[in-house]
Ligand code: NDP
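Form predicted alone, single chain, as structure tokens, below.
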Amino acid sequence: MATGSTMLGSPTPQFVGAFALMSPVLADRTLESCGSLQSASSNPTADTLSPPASARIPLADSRCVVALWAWPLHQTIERCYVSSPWIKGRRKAETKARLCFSVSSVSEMNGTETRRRAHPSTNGKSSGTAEEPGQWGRAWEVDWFSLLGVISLLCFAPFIVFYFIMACDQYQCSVMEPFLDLVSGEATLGSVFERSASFTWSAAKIYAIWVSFQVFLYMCIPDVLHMVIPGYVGGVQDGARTPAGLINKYEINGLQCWLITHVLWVANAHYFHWFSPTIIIDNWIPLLWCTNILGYAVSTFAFIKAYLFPTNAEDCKFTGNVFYNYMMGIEFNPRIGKWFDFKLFFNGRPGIVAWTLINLSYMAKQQELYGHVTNSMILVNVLQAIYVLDFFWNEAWYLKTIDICHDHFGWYLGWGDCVWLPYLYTLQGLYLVYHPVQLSQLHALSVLLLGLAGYYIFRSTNHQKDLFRRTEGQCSIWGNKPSYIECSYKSSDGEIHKSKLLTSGFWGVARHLNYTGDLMGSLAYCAACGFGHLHPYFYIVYMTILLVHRCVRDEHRCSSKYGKDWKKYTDAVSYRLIPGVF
């Protein structure tokens, strides 16, 4: 998700917040804040593959000194890649260009676009417009700050997840007590790990069955819901155009998979009794080791696959930094066969399908321990289920989001979807197992209204954008014809594009009001747990860092892309997230 604040080749702090990279699923909540629907879109030419000199990064960049220990392996894999059948027979110049540069595609927030080719005139300048449009593309520099952020996350993100789960298991969800014990010497890392449940083969069996079942549903059960549910978009859908000019097809069947999974879960709990409804929380820490194994395995496989047998070599991105390549990914859309797409599967399944099942397991455990289910647990289940169902109802729309249209598939998507999402997005339910909070009617009603209001703003904002995009501005928003600012930008292949940035409805109130709705919903999840501990509030802290960082990052990209036109837009819509404040 890294972007630059200036044009290609400019070093930029891409990791303003360390947590901001760990957002494999959150990107589905929003599209980018620039104006076009798709990337510049013809098949790649020599111009497309040849960036400005300032944008190129040699494969053995001097910034990789910190990665010298891994460089022999990196070079060996790279030699295998260059000699593989995928590369043999291609021109040397084309191969070098591919290894140095790939044009990144961005799916964006609110507009329609037209485009025309900028033909050079006799004086060497574009004859397209009086003033050179802003250029657009993904930054290639891996500066030291970004590299530090990558290495820090690779080293510490797994421990962050373990810390919050261990805090509930050993310290009744106290965030500070384990830290103080470690600092004072009353506990050591070794003693903490000794008291934690370890890997078990029973947990491995459970997780293997779970992932295999989701693969089966994803690959073998074509969607039929779009044939019977009005308004639902499912079945085979086109994705956005990739940097290489390809349009991948996807089988959209997430809602169907979610329904089948949950019908079987409920049927088991009430009729079949194949396993206990508390099976997830009863194996929660052993399952953590299993999810880490899968997360690292799929990330490593995708890393090696990009060198040896990429799905589409033109869409690979090599920075010359082994850490950055591993974390942020090389391949744009790695696939096995025609239909198994790594991005779509791991972003939506197994993590998000499991989200609501994990909450149901927490609810069953609360019933088992205390003989009743609290209203706070019900609120968390209901509000988070609304979000999950919204995700799968709009899964076809998700194909136009940053995860699919901009990010390459690496550790932060692969591991993040397997580990970070199911463990840290469900902290509220876990906390309520250890602290069964019963809210007052006023508190419960306030939390419900906050969550529903946030969802309404989030969904309505994105709906307005989607309506404006689909109708090319020929629609009504809040009873009036929408206003917009027309912008132009130039992609790396020289094409000039026109985009419209919506300034009506919610988009005229703030530039990222969908983020605001998202934060309101996140706060509602946490507030449902009362105010006794900090533990369940990690989510709103993380989400605030994530979305503020993304807000600033998106605007840096759009300022580079649109230039003076972006200034017109920010003058028309003054605030980012909170009208009158920020």
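All residue numbers are counted from 1 along the displayed sequence. Rigid core here is just the name for the largest C-alpha set that superposes within 1.5 Å across the two forms. Treat the numbers as computed from the prediction; the structure is a model and nothing was measured.
The same protein also has a form predicted in complex with the ligand, omitted here; what follows describes it.
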- Item | One stretch from 462-470, 283-291, 369-377, 333-341 that, in the predicted complex, holds residues within 4.5 Å of the ligand by heavy atom | 462-470
- Query: Heavy atom within 4.5 Å of the ligand in the predicted complex: which of 490, 512, 349, 408?
  - Reply: 512
- Note which of 324, 362, 307, 458 lies within 4.5 Å of the ligand in the predicted complex, where distance is taken over heavy atoms; exactly one does. 458
- Task: Decide whether residue 387 counts as a contact residue for the ligand in the predicted complex under a heavy atom distance cut-off of 4.5 Å.
- Result: yes
- Any of the heavy atoms of residue 253 lying within 4.5 Å of the ligand in the predicted complex? no
- Query: So, in the predicted complex, is residue 150 in contact with the ligand at a 4.5 angstroms heavy atom limit?
  - Reply: no
- Query: Wondering, does residue 524 line up within 4.5 Å of the ligand in the predicted complex on heavy atoms?
  - Reply: no
- Contact test, all of 223, 353 and 392, partner the ligand in the predicted complex, heavy atom 4.5 Å: no
- Note on the structure: Looking in the predicted complex, the residues of 557-572 with a heavy atom no more than 4.5 Å from the ligand, listed in order, are 557, 558, 561, 562, 566, 569
- With both forms fit on the core, is the shift of the CA atom of residue 485 between the shown form and the other one 2 Å or larger? yes
- Message: When the rigid core is used for the superposition, does residue 557 move between the shown form and the other one (threshold: C-alpha shift of 2 Å or more)?
- Response: yes
